[in-house]
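Presented as structure tokens, the chain that follows is alone, the form predicted on its own.
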């Protein structure tokens, strides 16, 4: 009788335990959601402040904080962007009542230069690394493992130690201060990570898929172009996000390899650095320039974000 009563009590307690467990899980989800929401707000507030300040007048920026702009919506203006984007002179009245004329910052030219540097610096390493990853994953050749280990080992080498030797070589052959030189530099710095990411993804493609292509008479090149590349879009997009944002926001490599090219070939980060030196107090212009530099990386990330996690998880689970 005692055993039967214990079994009855255990069965009766089962639904209550499940209910309490479900309530605990629900509370955990709510707490996690609140924490994530707070983190998102903290990360978003500076960007919102930059955006609002970039539309405010010089006097308004010096007089009050950006969070007060809601009471002065009529005072918001696009003049800051006109002054920053254009290279033409513009005039304004300072605190003393004097009219001051200054030259625009020509951020549009720097924007186009950054595009000229970034797009090839993303496409070239992706193409080379995709071929290399396919070779390491599916071709059998002498020294394959040693070469792959060497490529992975390069990931831990800081790029800063290679800048001066490469710069000396560029000066000897006349590549310093040219777009070709900086393309080659970014390609070399990005290739190890690209090869590693794409290898992890391409190596997970079922062997039967490739063998069926070989049985149909496809060569390695045809298999790579028509089968492997379309299947590797998540990994390609994941690296493209990394490389694009890194090259677009790069200042060190641009300063080293584009320093002798003059103002005409400056990229966005170089122009922003010059603006900080010449317009250190003009927050309305600095924030406008900063937000212009943010637009394209944001568009790139949100356009490819659906592939981002899939690309990062490439090859992490096998079997």
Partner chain sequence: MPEKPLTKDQLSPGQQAMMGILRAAVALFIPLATFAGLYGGFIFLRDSGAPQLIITAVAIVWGVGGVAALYLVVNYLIQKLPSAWEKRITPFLFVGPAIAILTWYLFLPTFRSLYLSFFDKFSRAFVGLENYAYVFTDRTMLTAFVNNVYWLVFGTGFCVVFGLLIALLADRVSFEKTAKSLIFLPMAISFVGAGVIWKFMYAFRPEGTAQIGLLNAVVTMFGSDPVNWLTLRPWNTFFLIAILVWLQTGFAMVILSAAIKQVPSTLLEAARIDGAKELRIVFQIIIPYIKSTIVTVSTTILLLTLKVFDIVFAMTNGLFGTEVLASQQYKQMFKFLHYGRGSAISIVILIAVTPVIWYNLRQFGKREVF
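What you are looking at is a predicted structure, and each value in this text was computed from that prediction instead of being measured. Residue numbers count along the first chain shown, from 1. Rigid core (definition): largest C-alpha set, two forms, superposition within 1.5 Å.
Below, we turn to the form predicted together with its partner chain, even though it does not appear here.
Chemist: Within 4.5 Å of its partner chain in the predicted complex, counting heavy atoms only, one of 205 to 213, 232 to 240, 163 to 171, 75 to 83 shows up; tell me which.
Modeler: In the other structure, the partner sits against 163 to 171.
Chemist: Do residue 27 and its partner chain share at least one heavy atom pair within 4.5 Å in the predicted complex?
Modeler: No.
Chemist: Is the gap between residue 292 and its partner chain in the predicted complex 4.5 Å or less for some heavy atom pair?
Modeler: No, residue 292 sits far enough from its partner chain in the predicted complex that none of its heavy atoms falls within 4.5 Å.
Chemist: So in the predicted complex, is its partner chain close enough to residue 144 to count as touching (4.5 Å, heavy atoms)?
Modeler: Heavy-atom contact with its partner chain at 4.5 Å: present for residue 144.
Chemist: Is the gap between residue 255 and its partner chain in the predicted complex 4.5 Å or less for some heavy atom pair?
Modeler: Close contact exists here: in the predicted complex, residue 255 approaches its partner chain to within 4.5 Å, heavy atoms only.
Chemist: For the stretch 114 to 139, return the residues whose heavy atoms include at least one within 4.5 Å of its partner chain in the predicted complex, in the order they occur.
Modeler: Read in sequence order, the residues that approach its partner chain (within 4.5 Å, in the predicted complex) are 115, 116, 119, 120, 123, 124, 127, 128, 131, 132, 134, 135, 136, 139.
Chemist: For residue 32, state whether the C-alpha moves by 2 Å or more between the shown form and the other one after rigid core superposition.
Modeler: Yes; residue 32 is a residue whose C-alpha shifts (by 2 Å or more) between the shown form and the other one when the cores are overlaid.
Chemist: Rigid core fitted, is the C-alpha displacement of residue 45 between the shown form and the other one 2 Å or more?
Modeler: Indeed, residue 45 is displaced by 2 Å or more.
Chemist: Aligning on the core only, does the CA of residue 272 end up 2 angstroms or more away between the shown form and the other one?
Modeler: Shift at residue 272: below 2 Å after core fit.
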